[in-house]
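A lone chain, given as structure tokens: the form predicted on its own.
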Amino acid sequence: MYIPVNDMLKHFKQDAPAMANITHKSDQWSPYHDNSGTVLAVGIPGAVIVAGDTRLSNGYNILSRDATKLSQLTDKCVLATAGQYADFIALRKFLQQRLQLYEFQNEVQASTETVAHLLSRELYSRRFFPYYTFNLLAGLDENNHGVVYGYDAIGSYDQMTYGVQGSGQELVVAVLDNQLKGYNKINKTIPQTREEILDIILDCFSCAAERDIHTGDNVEILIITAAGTERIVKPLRKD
């Protein structure tokens, strides 16, 4: 049976929607904001060195140029955090309260290993609505040698010699692999002194600040030894 083309097309013809009926999809609200930045920790015999930049940003906006990403939890232990700054403050407050209670009950400060386990349990307990933080826990072990623990967002962690977290991680970790492990390095000389490690850390943050807009302003460095903690602040690029 012959069907005229015009009669056939009218069954597929659709009216163009009126502009008044078109709704634009708005941005969905999210409880998470990545305030980013870069933190780094290196453990060496007799000391641990922890560093973090002081820029607090949200997208292309700089909210603060003097926001610390480091928190000293005990005399021998420091938490370094990148990610959402509000969650960092909440996590820091929880850990400080629990460690203060631990010290009150046991009359001794918690060891670095104990703090590492406490942090892992707290992150895992919030796994269904996790802290948007990417943490490094650095401190001295029972022999007063530097040790670093790296975490993901839900508490899985590993002990390492050095670690990096944050928006500059990909830029920095390759330099540390080359300088501290000797990967792809003809001269396998590994720096051991504190001054050499400090120079490498400063170079890492200077390089990251050149390419990462969320890293900059200043780098804050904490050097923890059995004798105490030394704090150093060095300038980075401001733009």
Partner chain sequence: MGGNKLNNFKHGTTTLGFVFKEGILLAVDSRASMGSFLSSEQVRKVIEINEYLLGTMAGGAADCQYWLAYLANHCRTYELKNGSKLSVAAASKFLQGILIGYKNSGLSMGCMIAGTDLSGQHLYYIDNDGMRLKGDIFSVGSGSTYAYGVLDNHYRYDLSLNEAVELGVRAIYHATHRDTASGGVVRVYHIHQNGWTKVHDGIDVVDLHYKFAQQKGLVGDGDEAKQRLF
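Numbering follows the first chain given and starts at 1. Source: prediction; values computed, not measured.
The same protein also has a form predicted in complex with the partner chain, omitted here; what follows describes it.
Interface segment, criterion being heavy atoms within 4.5 Å of the partner chain in the predicted complex, picked from 138-146, 97-105, 70-78, 151-159
Of the options, only 151-159 has residues within 4.5 Å of the partner.
Does the 4.5 Å heavy atom contact test between residue 109 and the partner chain in the predicted complex come out positive?
Flag for residue 109 set to no.
Give a yes/no on whether residue 92 approaches the partner chain to within 4.5 Å in the predicted complex, heavy atoms considered.
No, residue 92 sits far enough from the partner chain in the predicted complex that none of its heavy atoms falls within 4.5 Å.
Give a yes/no on whether residue 190 approaches the partner chain to within 4.5 Å in the predicted complex, heavy atoms considered.
Heavy-atom contact with the partner chain at 4.5 Å: absent for residue 190.
At 4.5 Å between heavy atoms, is residue 131 in contact with the partner chain in the predicted complex?
Residue 131 belongs to the contact set for the partner chain.
For the heavy atom contacts within 4.5 Å of the partner chain in the predicted complex, list the residues of 159-173 involved, in sequence order.
The stretch 159-173, when checked against the partner chain in the predicted complex, contributes 169, 170, 173 at the 4.5 Å heavy-atom cut-off.
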